[in-house]
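Shown next as structure tokens: one chain only, the form predicted on its own.
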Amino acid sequence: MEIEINGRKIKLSNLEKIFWPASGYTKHDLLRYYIDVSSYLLPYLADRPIHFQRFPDGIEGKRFYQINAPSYAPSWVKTFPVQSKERVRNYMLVNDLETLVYVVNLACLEIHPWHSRITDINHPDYGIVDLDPQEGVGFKQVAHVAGVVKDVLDSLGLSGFPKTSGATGIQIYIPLRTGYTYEQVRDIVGFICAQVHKKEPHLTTMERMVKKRGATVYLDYLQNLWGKTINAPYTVRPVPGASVSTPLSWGEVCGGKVSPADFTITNIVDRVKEKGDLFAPVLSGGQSAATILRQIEK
């Protein structure tokens, strides 16, 4: 099958292949969802190098990472070179619907943009507090810790915006003014996480060794390092039920009545039409973290 978008033709393949066996959702369902949600998703991908994970046989089949643009990609797929220690990697840019459809047809379920744009690749637009529950920790406990993060941010005069990871965790984005390096953003978020850990020393951890974390919520601030990526809002996760990484209101988080499984490819578009894009402030302007950096430097 071939589809034309904005004058560009894209060949679609294996549309009836089952990607979520328990639910029966197909590759066609995945493509339809991304087309329907594209106007909300694309602003979070635009001009950012993207790290993909592909699932050509669905979520229970083999998976592999896609960083470099494929050699057979259409000429209209834009790329951006990033120099690493070993090589130059040519990341794909997903700036428009036709490119989004192209990469989803490649079975790219995991869509992870960089925290910075190609116009200023060394300076992130936001920091992220990644709440990663360890074995034995439920989502209500994660939501409680997210509420503690909000309290810390409020005390620092900062705003944060939560979303489900789409799996078991919550990620809180903190929009920052341009100019902070990745190392500074790591330190800023690390400072915030340390304050959270002081308030909840038994429920949270900053321990890097997994086997030493126990039944806690890991406060992962190292996701803010150069080249690290996190799945974008409105992207689908390779978990049963086809759950979606979904922006939440703080009322939903602190109310304790939501679960990541509540938000799937079947209901997100209607939700955003009703509630609007709760994550929009993440892209509308940054905040100063100068007071935190001064405290770190003392």
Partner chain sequence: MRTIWKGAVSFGLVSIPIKLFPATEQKDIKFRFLHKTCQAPIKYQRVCSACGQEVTQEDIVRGYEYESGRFVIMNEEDLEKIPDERTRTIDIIDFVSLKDIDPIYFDKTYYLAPNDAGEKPYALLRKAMEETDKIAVAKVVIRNKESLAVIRGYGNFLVMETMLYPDEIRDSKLLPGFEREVKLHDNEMKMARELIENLATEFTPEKYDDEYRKKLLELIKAKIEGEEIVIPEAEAKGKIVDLMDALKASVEMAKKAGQVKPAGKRRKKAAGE
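For clarity, every value in this text was computed on a predicted model and none was experimentally measured. Positions refer to the first chain, counted from 1.
We do not show the form predicted together with its partner chain, though everything after this point is about it.
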- Message: For a quick test of understanding: in the predicted bound form, does each of His51, Val244 and Gly255 have a heavy atom within 4.5 Å of its partner chain?
- Response: no
- Could you tell me which stretch in 260 to 268, 40 to 48, 247 to 255, 227 to 235 has residues with non-hydrogen atoms within 4.5 Å of its partner chain in the predicted bound form? 40 to 48
- Item | Distance check, Asn90 to its partner chain in the predicted bound form, heavy atom within 4.5 Å | no
- Glu16: heavy atom within 4.5 Å of its partner chain in the predicted bound form? yes
- Message: Even though the partner isn't displayed, in the predicted bound form is Glu297 close enough to its partner chain, meaning a heavy atom within 4.5 Å?
- Response: no
- Item | in the predicted bound form, Arg117 touching its partner chain (heavy atom, 4.5 Å) | yes
- Of Val217, Val129, Ile111, Leu176, the only residue with a heavy atom within 4.5 Å of its partner chain in the predicted bound form is Leu176
- Message: Within 4.5 Å of its partner chain in the predicted bound form, counting any non-hydrogen atom, which residues from 97 to 130 show up?
- Response: Leu97, Arg117, Asp125
